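As a starting point, one isolated chain is supplied in structure tokens, in the form predicted alone.
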């Protein structure tokens, strides 16, 4: 797989990236936000009850992470994230012909695992901001970030197994497999930061594990809890896997060119962390003067002891070379391609047309966003 070297735009940070075909005509943006809000509204009470099981101070630390309280313990209405995974879990149940409420335990379990990964990722990456607030490790220390992350993972499996049905056991197996793949992806991501070159194929494998696996689980777990057979669940997982790759491709674009006011992260966030994200890897694979110059700079960066003192201009230079080499455009096109493959997978499941339209609309939402 070779990245395209087609000319790229000279866009600046803060653009909406990338653009995909319009959503299914039966569903508009307001309906998508309604789906996300439904997922949040139905899952949050169960999520709060699960967090209340944690021993102090882990319950308080988790509540801060979820945005329910501030650093001083006062009630807050923080940004709890986009809630795409809970929305997908509820739609998954409906795709299997079950009521959306059937998917609530799965929605909460997936959200707990997702946040377990965020707590650990923030610490490993040294990220000081998430959702426009200081991260848990910065406020409460690394030990609490590790412990609370571990506790959320344990809670996720506990909640599913408490249901006590055959379907719950099947759902738990899918969740634990997805979690193992997620951890594999994080390990790959960290190891790639210390390598001079990573192939596009390796990067896509890593992102399929780190992001695709849990989204794939989210969009199958509700169906499994609703009694769907493995073929149906596997087909829905295929949609979720490719949606996850599209989602991560957009995240990679935002990690370099995203507006900090929208993303809640530093400017040039992924470049500061030396991430071998898709735009970087595609640019290095493209060949040509910009690609070679980028490779020289990144190789020197890996050996530099002054990387933390780089100026904004130095990061901007690297971002410009990535764009000139075609990495930005290739990643945008890859997001569109993965989006199309995800939509095509839905043809393999017999589901109500309204549910299919909503899954299409959510896929459109994932690849056209600013955060």
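Numbering follows the first chain given and starts at 1. Quick caveat, the model's predicted, so the values are computed rather than measured.
This next part talks about the form predicted in complex with a further copy of the same chain, which is not shown.
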Checklist outcome for this item: The stretch from 338-346, 36-44, 323-331, 54-62 that lies within 4.5 Å of a further copy of the same chain in the model of the complex, judged by heavy atoms, is 54-62
Next on the checklist: How about residue 292 - does it come within 4.5 Å of a further copy of the same chain in the model of the complex, if we only consider non-hydrogen atoms?
Outcome noted: no
Next on the checklist: I'd like to know if residue 180 sits close to a further copy of the same chain in the model of the complex, meaning any non-hydrogen atom pair within 4.5 angstroms.
Outcome noted: yes
Checklist entry - Any chance residue 257 has a heavy atom within 4.5 Å of a further copy of the same chain in the model of the complex? => result no
Checklist entry - Wondering, does residue 150 line up within 4.5 Å of a further copy of the same chain in the model of the complex on heavy atoms? => result yes
Checklist entry - Non-hydrogen atoms within 4.5 angstroms of a further copy of the same chain in the model of the complex: do 120, 154 and 187 all have one? => result yes
Checklist outcome for this item: Students should find that, of 197, 173, 231, 132, the residue having a non-hydrogen atom no more than 4.5 angstroms from a further copy of the same chain in the model of the complex is 173
Checklist entry - Between the options 99, 287, 73, 169, which residue brings a heavy atom to within 4.5 Å of a further copy of the same chain in the model of the complex? => result 169
